[in-house]
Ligand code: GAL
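One chain follows as structure tokens, the form predicted alone.
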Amino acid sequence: MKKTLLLILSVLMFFSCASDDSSPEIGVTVYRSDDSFISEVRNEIARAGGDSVPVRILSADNKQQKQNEQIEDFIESGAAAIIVNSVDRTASGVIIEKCMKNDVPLVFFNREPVKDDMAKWDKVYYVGARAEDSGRMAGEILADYWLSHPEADKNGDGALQFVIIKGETGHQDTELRTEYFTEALTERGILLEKLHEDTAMWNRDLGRDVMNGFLSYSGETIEAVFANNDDMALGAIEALKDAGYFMNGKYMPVIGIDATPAGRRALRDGTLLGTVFNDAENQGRAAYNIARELAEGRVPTSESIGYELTDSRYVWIPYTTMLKSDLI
């Protein structure tokens, strides 16, 4: 009986030690699971997690309170680092303070915390792309088209009448993509008349609804459409198709951003004039590599993560323009 008890205790101690030696976990929370670009980043983080430190990925369903609870759960369950795609970037300060109090390092991606929040702690990092570059590139795509296609000026007044479908209000990508898009066109000497602007929250269905509204207000006077991402651009294309565009020679230049798989398909079929490639794979890999270093107790460096760190705590992944000719 004593030998049996000793054997049982030995087995229990073995499994207890095995559990103690298990790899650290990285918690990941994204603002929404049905955003095409965020899904690509999330999938790359999941793939990278198979290489080393495992990840647990959750969606906040666009609810900041739910995301706060997920972060608390990660902390309580012993996550060694957390990757966050914030529902509300203005809530980043609270998240940072919570993680700092519990010494759980953070990596934000896509939704950049304000500088003051980033400065609160030296274990906070950000991975993203410079939104102003994508807006400028999108503007250059439309400028090149407008200047080389005189027929695009449908009313012959010499001015470009256009509409903008914006992402989430207050998101840095929304504001900067919109601002630098129009700035790029103006710098090319193009006279502009913005007919309408409305938000569709990065969502394809809302993009269709917003475009339907624009068509009901201005119809044939619209000469171009810029959407802050491909999902909304694809929604606009659906509305335009219903209005008879992209058939029998009736065309509308539509520009998006992200170059998602669906966006690239629209490029191939000629309904999307152009987009700007937002490198989800490298953003996801960079976010994971930083979190892995932090989870294993190391200070990330450009060499250890494979991406250049700016100001010690930022990784910027460059954009590139993408046209149909780039896919051939």
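Start at 1 with the first residue shown and count on from there. Treat the numbers as computed from the prediction; the structure is a model and nothing was measured.
Same protein, other form: the form predicted in complex with beta-D-galactopyranose (GAL), not shown, and the subject of what follows.
Contact annotation: residue 278 falls within 4.5 Å of beta-D-galactopyranose (GAL) in the model of the complex, judged by heavy atom distances. At least one heavy atom of residue 38 is located within 4.5 Å of beta-D-galactopyranose (GAL) in the model of the complex. Heavy atoms of residue 202 reach within 4.5 Å of beta-D-galactopyranose (GAL) in the model of the complex, making it an interface residue. Residue contact check for residue 208: none of its heavy atoms lie within 4.5 Å of beta-D-galactopyranose (GAL) in the model of the complex. Residues with any non-hydrogen atom within 4.5 angstroms of beta-D-galactopyranose (GAL) in the model of the complex fall in just one of 265 to 273, 54 to 62, 30 to 38, 289 to 297: 30 to 38. Here is the short version: of 196, 136, 111, 166, the single residue with a heavy atom within 4.5 Å of beta-D-galactopyranose (GAL) in the model of the complex is 111.
Along 153 to 192, these residues reach a heavy atom to within 4.5 Å of beta-D-galactopyranose (GAL) in the model of the complex: 171, 173, 177.
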